[in-house]
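Subsequent text provides structure tokens for two forms of one protein chain, presented individually as structure 1 and structure 2.
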Structure 1
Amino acid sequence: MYMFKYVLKRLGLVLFTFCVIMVMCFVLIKLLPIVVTVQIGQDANIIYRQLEARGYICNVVYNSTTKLWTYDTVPIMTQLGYYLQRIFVNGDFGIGVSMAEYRNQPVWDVFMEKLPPTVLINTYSTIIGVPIGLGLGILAALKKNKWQDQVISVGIILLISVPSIVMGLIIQYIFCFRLRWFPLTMMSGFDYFTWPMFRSMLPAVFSLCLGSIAGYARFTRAELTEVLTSEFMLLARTKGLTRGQATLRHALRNAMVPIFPMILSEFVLVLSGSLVIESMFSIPGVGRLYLDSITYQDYDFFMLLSGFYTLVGLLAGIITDISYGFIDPRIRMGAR
């Protein structure tokens, strides 16, 4: 019951934070002048009427002598009302306006189309990264202060210090330019589960997972060494368990308490991906869409993606907190 209340409270807080941030974003965006770019072959009338229909402007008048369109802006809070109404009643997040590629396309559909590459790349990276990272961390902790540990520790500090931007460059130069093992950028198309597509994703996956391998390994090593030196390990050995049994049943389990929430939150964070890696390897993912929406000032896209990124960040935080409670019996029981 306590956990239920706790979770509810945390969720409420997250929802509140999210709403405040989104309202802030909306207001700040709507304070900007409305960008109306009439491209060749487009009818200005349609664009203005569209904006009027969406409740962003009113009293649209075309002055045929000056050839200028004039309009009044609607109060921002009223606009927000229309916006929320469309989202909740029609599930309509707006349509693309200024990005040539996505003009007049529903924002939500484009977003869903862009999500798979981002999620796939980050999922692959997690799938590769977690076992290797944990394995190295465990090895280093078990062989503490032996040469294996020294090698792994030096590797960890080197990998952690190489920023993803440089890691991406190195991988791109060595594996893509020099050795030509992989194509330079990700293939286009929607067949995500074919071998050539997978191969073209690999450089990005490697650039992402090398850093996280180091992170996992460092964390696991620190946690496990602490657990291994605690007294219940001594007791386990005195009871007659072999070193392997004791490590597996007692040390690892206890070390997993802080490690597992970290992996979980990483798994949520993979959704948001890495903007740098995505732009370096030209991955047609959410990050690219977000950067484009900033460059071309497409506000509907910007709102949706801002909401997405904010939500992912908030969820990662709350999942870490809650999973701590579920995993660790000490925390769960202690609350009563």
Structure 2
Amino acid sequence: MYMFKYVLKRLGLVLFTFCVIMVMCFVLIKLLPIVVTVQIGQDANIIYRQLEARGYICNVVYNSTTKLWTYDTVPIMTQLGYYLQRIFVNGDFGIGVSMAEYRNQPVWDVFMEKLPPTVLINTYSTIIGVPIGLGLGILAALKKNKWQDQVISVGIILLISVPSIVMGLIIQYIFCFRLRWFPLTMMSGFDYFTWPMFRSMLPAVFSLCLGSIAGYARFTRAELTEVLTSEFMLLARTKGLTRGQATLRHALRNAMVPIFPMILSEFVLVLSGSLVIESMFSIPGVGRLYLDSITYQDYDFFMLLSGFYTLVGLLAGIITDISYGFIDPRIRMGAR
């Protein structure tokens, strides 16, 4: 009952937070001046009329003498009303206007097309990073203050200190340019589950997961070291259990209580960090699309992708908190 009340309360807070963040994003981007980029053979009149049809501007006039467009801006709250009406009444998340590559394309269709590469590189990063990070952390805890622990600790400090963008440049130079083990950028196409495509994703995956490996290893070492020195571990050893048996049956189970939720939160951090990595390795994912939407101020793309990243972060927070109650029955969320 306590968990049910807690989940309902958190869902309500998530919904309220999501609405506040999205309204702030809408208002802030609308305060910026409208930038219309027109390439050779394109008509600026079409773009301005599309913005007018979407309810963003009105009274569009072209001055043939100054060769400038003038318009009046629709009040921001009125624009927000039009935007919400299109979404909830018509199911219309908008069309691309400012970015030439996605002009006149439905925002939702482009988003669904770009989503798989982003999900895959983050999933691969988690699949590779979690077991390696946990394994190194367990080894460092069991070999505390020995040479294995010292080597792992130095490696952890180096990996945590180097930003993912710098790590990406190092991987590109060494493994892609000098050794030529991997291509510099991701292959084009939609065959995401073929070996050539997976191989082309690996540099971006390694750039993302190396920092996560260091985080997992550091946290696991700290938690397991504390558990191994607990009194109940001494009691288990006095009952006749070997060190390995006591570690597997008792120490790891107790240490995983805070570690498992940390894995969920780390996945979200990797997802947000992939914004820059996707641009570096030409990953055709939503991260690169998000940066382009900010650069070209494409409102509908920006709002949808802002909502996506905001929702992922908020839901991950709920899942992390709720997972404590299921992993450790002693924890009762919402109980006084």
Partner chain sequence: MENTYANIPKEKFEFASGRDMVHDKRLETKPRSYMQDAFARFCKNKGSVVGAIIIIVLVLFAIIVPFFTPYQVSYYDTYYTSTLPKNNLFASTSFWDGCEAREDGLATFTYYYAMGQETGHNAVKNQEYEINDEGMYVYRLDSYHKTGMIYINFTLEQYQNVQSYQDETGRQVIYPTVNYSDRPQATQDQQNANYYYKTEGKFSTKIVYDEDGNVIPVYSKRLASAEATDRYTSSMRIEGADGFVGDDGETYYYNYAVITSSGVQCRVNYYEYFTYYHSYVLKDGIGEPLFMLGTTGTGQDILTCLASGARFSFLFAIGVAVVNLFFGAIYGSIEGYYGGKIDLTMERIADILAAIPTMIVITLLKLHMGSASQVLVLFLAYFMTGWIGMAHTTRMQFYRYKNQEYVLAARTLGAKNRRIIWKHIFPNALGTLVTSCALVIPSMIFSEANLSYLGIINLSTGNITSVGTLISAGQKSLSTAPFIALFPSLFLVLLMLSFNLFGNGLRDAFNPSLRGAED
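One-based numbering along structure 1's sequence throughout. Every value quoted in this text rests on a predicted model; they were computed, and no experiment measured them. The term rigid core refers to the most C-alpha atoms you can superpose between the two forms while keeping them within 1.5 Å.
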item	value
Which of the two shown structures is the form predicted alone	2
Hinge of the chain between the two structures, where one rigid part gives way to the other, from D92, P284, L184, G313	D92
Two-part rigid motion between the two structures - turning angle of the smaller part, in °	14
Distance the CA of Y82 travels between the two structures [rigid core superposed, Å]	3.2
